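Here's a solo chain for you in structure tokens, the form predicted alone.
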């Protein structure tokens, strides 16, 4: 009969080691950086100086009078709202159009998802070449007679903001299409058959069957679009460089400039904490609202 020690040695380890590894990685790459950034936000840390001092809430009070920070927050909110609305509306439209099982529709769904798998830098480089004054878009518009002179898509605040929203929407539409396509597949066909037997038309079936059934997909898409766009940096860095005249700087772009151009690690950490709190708070609020909407539907 095996002893207790032998039985203990033969006992399977199960998933416990993987759990500890996952927990260790979570602490090392998420919890520690956040706590370290929080501590840095209470200092005047500068990489060009050997020592840094504790300054309390000075960095946070400085944010109250920082006009560039205020402008970047306003610009970020505008882009977040526009991109989230466009991505969800067009993504749902594409998902409805491509909700078929043939090979051709599968290929089209794959092609639509390509912008999501590309690096934001690559996407921005492609669109920057298209949107220059002698780029492809102006050439097409002039050829078909829409404009007589090249449009400066990145030269003014309004056009640069419009161009930026269009490019970021192009990326997030891909993600929204995939999520909505998966949600549409989860709708039982029997519900559509029952609605048809009750005489419901296409619009009525969408409003009373499709829309309520894809509510969880809507929650996921809206919240992830919000979070992704709040962190927007790479597309702005390549497409507009924050210009013209710093008018297309997102808060994420601004804090990177503070940290690695102005060497203000302490103040940029305070801005990072503000962005983290803002993103988490809005994501939590929107998630709760959409969850309650799911329950009502």
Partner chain sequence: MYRLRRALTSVIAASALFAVAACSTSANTENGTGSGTSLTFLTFETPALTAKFWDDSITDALKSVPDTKINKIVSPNTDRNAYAKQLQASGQFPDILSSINPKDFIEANLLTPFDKAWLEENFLLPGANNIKGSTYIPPTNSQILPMVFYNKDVFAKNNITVPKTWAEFMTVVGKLKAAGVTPIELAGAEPWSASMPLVGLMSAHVLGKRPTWVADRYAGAAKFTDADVVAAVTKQRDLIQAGAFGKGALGVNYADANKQFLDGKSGMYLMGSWFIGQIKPEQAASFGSFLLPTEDGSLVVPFNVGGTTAVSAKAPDVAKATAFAKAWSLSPNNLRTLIETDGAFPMMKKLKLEDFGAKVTPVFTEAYTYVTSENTKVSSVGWVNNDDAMPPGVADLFYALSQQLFTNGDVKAQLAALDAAWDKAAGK
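Positions refer to the first chain, counted from 1. Basically, rigid core = biggest C-alpha set you can superpose within 1.5 Å across the two forms. Note that the structure is a prediction, hence the values are computed from the model and not measured.
Just so you know, the form predicted together with the partner chain exists too; it's not on screen, but the next bit is about it.
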Is there a heavy atom of residue 175 lying 4.5 Å or less from a heavy atom of the partner chain in the predicted bound form? yes
4.5 Å heavy atom contact, residue 47 to the partner chain in the predicted bound form: yes
Evaluate residue 134 for contact with the partner chain in the predicted bound form, applying a 4.5 angstroms cut-off between non-hydrogen atoms, and reply yes or no. yes
Can you work out whether residue 186 and the partner chain are in contact in the predicted bound form, taking contact to mean some heavy atom pair no more than 4.5 Å apart? yes
The one residue among 52, 228, 37, 263 placing a heavy atom within 4.5 Å of the partner chain in the predicted bound form is 263
Exactly one residue in 179, 79, 222, 112 has a non-hydrogen atom within 4.5 Å of the partner chain in the predicted bound form; which is it? 179
Work out which of the listed stretches, 268-276, 255-263, 53-61, 22-30, brings a heavy atom within 4.5 angstroms of the partner chain in the predicted bound form. 255-263
Would you say whether residue 49 is displaced between this form and the one not shown, judging by a C-alpha shift of 2 Å or more on the superposed rigid core? yes
